[in-house]
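Only one chain is given next, in structure tokens, and it is the form predicted alone.
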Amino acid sequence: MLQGKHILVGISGGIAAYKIPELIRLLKKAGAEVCVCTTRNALQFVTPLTLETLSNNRVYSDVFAPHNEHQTEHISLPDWADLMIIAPCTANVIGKMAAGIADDALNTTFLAMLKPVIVAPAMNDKMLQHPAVQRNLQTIREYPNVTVLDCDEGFLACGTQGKGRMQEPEDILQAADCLLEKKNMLGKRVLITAGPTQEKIDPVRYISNYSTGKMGYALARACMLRGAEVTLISGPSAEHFSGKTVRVTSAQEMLNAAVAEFVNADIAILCAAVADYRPEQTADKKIKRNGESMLLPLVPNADIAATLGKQKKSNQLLVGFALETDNEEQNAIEKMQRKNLDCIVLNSLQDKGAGFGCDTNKVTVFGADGRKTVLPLASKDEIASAIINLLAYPH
């Protein structure tokens, strides 16, 4: 969504400014063009050389600097930008934004920016709680073009624990994507399962698979960017999603969560690689090696897709995933029919760059109405967006 977009990054004088080079790198990686404007204090934390090297553009930090490309940078930059991100946004800058004060490059530029603006506050937890700061935050939240991100909780630069941390660059990037994406899923409630499950053998061992959750998390992001209310049920995964996430470990835990959430869902996308079997018994203590063969009896786990397929109402859309190693299309279609799915997405391990652990994927989507769509190799985010585009037809 950020491909070709013009993003203006505004930096104020907070310690979290050290994270903004990473945000600029992520924006550039996503295909955006980036310009940077700062307060003078911001340059105490990050250098103009770093910002200019990463953005490939001159930093605007002084309204009256003789080297400015235009006489009125604070007007030309908002005209150029599709979106402005102010991160970190200190209590001082928030106060000026609320009062309409324009006494530096950043605040002057903000006042001329009538297009979307994302504000990522960052400060000490006591400062954040002050009535004046809360009042100022409420004021700028009421500006029609401003989106204020909530602060994170955690370890603060002053050495205390509390709420006041700037959201991470990945979350700010996701907020930018969300703001610029067309909201064609507004009002839709989407349930997505992702990642592997782990079936416990004893306190130190489990049965699992190679799934990383990348595809399911990409689908969750794609739906959220389009305005959907997303609930992600995730097995163990290192991936990140800023929306509602229910963490589970076993297939039984995932089933329980999915059944509970499916009642209110308009769409369910079952992308998780759920273990088909679990140990019949789980040992309380580590099973010691005795030098002889060990038999591990397994029992089948409940089938989440089949369970939801039986519960599915006429106004619900149920999407499954399949990964096959032989008779791929036939097995996927039979699975779709057997489990009462509206469509199924077939993964293949036969294609280079597709499957477990890859940042790319290649899939084939089959609809219950007989349609077949091949999505060529692309990033998993692009594949996720293409899958969402197809969800209109199978129902």
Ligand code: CTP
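Note that the coordinates shown come from a computational prediction; the quantities given were computed from them, not determined experimentally. Note that residue numbering begins at 1 and tracks the sequence as displayed.
The discussion below concerns the form predicted together with cytidine-5'-triphosphate (CTP), not included here.
Using heavy atoms only and a 4.5 Å cut-off, determine which of 110, 321, 262, 241 is in contact with cytidine-5'-triphosphate (CTP) in the model of the complex. None of the other options qualify; the answer is 321.
Identify which of 218, 77, 304, 84 has a heavy atom within 4.5 Å of cytidine-5'-triphosphate (CTP) in the model of the complex; exactly one of them does. Answer to the contact question: 304.
Non-hydrogen atom contact residue 274 with cytidine-5'-triphosphate (CTP) in the model of the complex at 4.5 angstroms: Yes, residue 274 is a contact residue.
Residue 117 within 4.5 Å of cytidine-5'-triphosphate (CTP) in the model of the complex, heavy atoms: Contact check for residue 117: no, nothing within 4.5 Å of cytidine-5'-triphosphate (CTP) in the model of the complex.
Is residue 58 close enough to cytidine-5'-triphosphate (CTP) in the model of the complex to count, meaning some heavy atom within 4.5 Å? Result no; residue 58 lies far from cytidine-5'-triphosphate (CTP) in the model of the complex.
Does cytidine-5'-triphosphate (CTP) get within 4.5 angstroms of any non-hydrogen atom of residue 228 in the model of the complex? So residue 228 does not count as contacting cytidine-5'-triphosphate (CTP).
Please name which of the stretches 50 to 58, 23 to 31, 334 to 342, 364 to 372 has residues with heavy atoms lying within 4.5 Å of cytidine-5'-triphosphate (CTP) in the model of the complex. Only one stretch passes the 4.5 Å heavy-atom test: 334 to 342.
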